[in-house]
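Next up: a single chain in structure tokens, the form predicted on its own.
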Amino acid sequence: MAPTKEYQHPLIIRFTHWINFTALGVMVTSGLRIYNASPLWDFQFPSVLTLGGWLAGARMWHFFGMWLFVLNGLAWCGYNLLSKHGRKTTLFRGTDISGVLPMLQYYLRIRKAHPPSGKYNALQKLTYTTVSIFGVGAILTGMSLYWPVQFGWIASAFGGYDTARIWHFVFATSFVLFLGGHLIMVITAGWSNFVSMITGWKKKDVQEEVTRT
């Protein structure tokens, strides 16, 4: 009898995935409290969505989340760049371009059949690679805001301190949007896909086996 499960996610991928989830939660909620202390626009976020209690507390939480995010991101990127798993299954390449539109049509229910794909489809690869670039942008702009004297040149590269604040907000928003899209994709893929990010093992799907290249 053929095995009903396959090993989907290595331990380091699962570990960094959940650490990243925690770090982003800390940074986003504490970042909202920091935003409320000096809003960019004429609105504020409900205090129930914020972390830190006051500006100094929020900055400490934000700084903690930043270091957790940076170290975890270095581990994730390093593994994906150096391992066969990352180079062939996670990072977006030129050969994946043609597979983006069919996957979008599938997730939007325009296309019924799952397009041919490997372990990660083209849209997933594009998302993971793009969000990594946004992560670098968030870190750089955050450094220029937290250490405006030491890293003023970074702020200048983003158009000045005030503009760097806007860019930082944009990068943070991209992570929130990514999380929303990620949850939609997880729900679409089914419960087994979620469990695999905890145990590493995923229940085999007949359709995936047929369409997988």
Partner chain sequence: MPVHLLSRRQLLKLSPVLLLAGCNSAPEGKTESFLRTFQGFNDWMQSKVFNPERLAAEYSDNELTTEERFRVNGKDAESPDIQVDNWAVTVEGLVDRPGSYPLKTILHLPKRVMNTRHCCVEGWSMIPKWGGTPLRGLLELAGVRPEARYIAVESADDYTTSYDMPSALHAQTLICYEAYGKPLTIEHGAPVRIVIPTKLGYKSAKWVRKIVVTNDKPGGYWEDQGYDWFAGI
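Positions refer to the first chain, counted from 1. These numbers were taken from a predicted model, which means no experiment stands behind them.
Omitted here: the form predicted in complex with the partner chain. The next part is about that form.
S.K.: Consider the chain as shown here, without its partner, and state which of F175, F158, F151, F169 has a heavy atom within 4.5 Å of the partner chain in the predicted bound form.
M.R.: Partner contact (heavy atom, 4.5 Å) among the options: F151.
S.K.: With the partner left out here, check for me: in the predicted bound form, does some heavy atom of Q44 sit within 4.5 Å of the partner chain?
M.R.: Looking in the predicted bound form, residue contacts with the partner chain do not include Q44, since no heavy atom lies within 4.5 Å.
S.K.: Would G57 show up as a contact with the partner chain in the predicted bound form if we use heavy atoms at 4.5 Å?
M.R.: Yes, G57 lies within 4.5 Å of the partner chain in the predicted bound form.
S.K.: Taking 4.5 angstroms as the cut-off for heavy atoms, does A37 touch the partner chain in the predicted bound form?
M.R.: It does: once the partner chain is placed as it appears in the predicted bound form, A37 has a heavy atom within 4.5 Å of it.
S.K.: How about G53: is it within 4.5 Å of the partner chain in the predicted bound form, going by heavy atoms?
M.R.: Yes - in the predicted bound form, heavy atoms of G53 and the partner chain come within 4.5 Å of each other.
S.K.: Can you tell me which bits of 127 to 146 touch the partner chain in the predicted bound form, meaning any heavy atom within 4.5 Å?
M.R.: Only a single residue, Y146, comes within 4.5 Å of the partner.
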